[in-house]
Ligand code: HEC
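First, one chain by itself in structure tokens, the form predicted on its own.
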């Protein structure tokens, strides 16, 4: 713990000293680099993607969102809060600040760009930040939401899976419209989406996963449903 804290203190003190040369951050400019974050983060409360929702995290302890379980051990044991100084160090080089972090992001070298992004995040990560950044014209509402998947409930019959049979090196997938389609097993991904946006229980959904039409994902509402529906039979 002491070693991790020493890394953190060293990182943000050095980066903060360098950043003092940059002009004060501009939140409107900061909305532009934030667009690179929407693939992994949402500003909507409770919407966790690859990374946790950023809603309400300003001055919140790092690595402590209870509903998010994919933190690295370094962030789980970290002893700091998200503010201008810690974000400055994190955005400069996440892995230098918390070695072994799961966040795949090489960092922002430009001091001014970091200051602008932090000015934006101070608004966005405050309570009600998603509405605030849209209301102030800092970013469009779809970016505030992040790349949250559309709801899979109510899929058409040709996308509702009724049975899956595995034989040799193939999956034979039958949909609710009665059509059976064979796929090479390496081109089929079996997934679980247990969130409210996932498929309805008992109604797994098949979705295209490649431009050639030969790769698919089959998405289940639970792991138990996946185990029960997939049959190994020729």
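Please read these numbers as outputs of a predicted model, since none were measured by experiment. Numbering follows the first chain given and starts at 1.
The form predicted together with ligand HEC is left out here; the points below concern that form.
(message) Using a 4.5 Å heavy atom cut-off, which of 147 to 155, 71 to 79, 134 to 142, 160 to 168 contacts ligand HEC in the model of the complex?
(response) Of the stretches listed, the one contacting the partner is 71 to 79.
(message) Taking ligand HEC as it sits in the model of the complex, is residue 103 in contact with it (heavy atom to heavy atom, 4.5 Å or less)?
(response) Answer yes; at least one heavy atom of residue 103 falls within 4.5 Å of ligand HEC in the model of the complex.
(message) So in the model of the complex, is ligand HEC close enough to residue 207 to count as touching (4.5 Å, heavy atoms)?
(response) Residue 207: no, not in contact with ligand HEC in the model of the complex.
(request) Answer for residue 121 alone: is it within 4.5 Å of ligand HEC in the model of the complex, judged on heavy atom distances? (result) Yes, residue 121 sits close enough to ligand HEC in the model of the complex that at least one of its heavy atoms falls within 4.5 Å.
(message) Although the partner isn't part of this model, could you tell me whether residue 40 comes within 4.5 Å of ligand HEC in the model of the complex, counting any heavy atom of the residue?
(response) Flag for residue 40 set to yes.
(request) Check, residue by residue, if 57, 91 and 117 all come within 4.5 Å of ligand HEC in the model of the complex, counting heavy atoms only. (result) Looking in the model of the complex, the three residues 57, 91 and 117 all sit within 4.5 Å of ligand HEC (heavy atoms).
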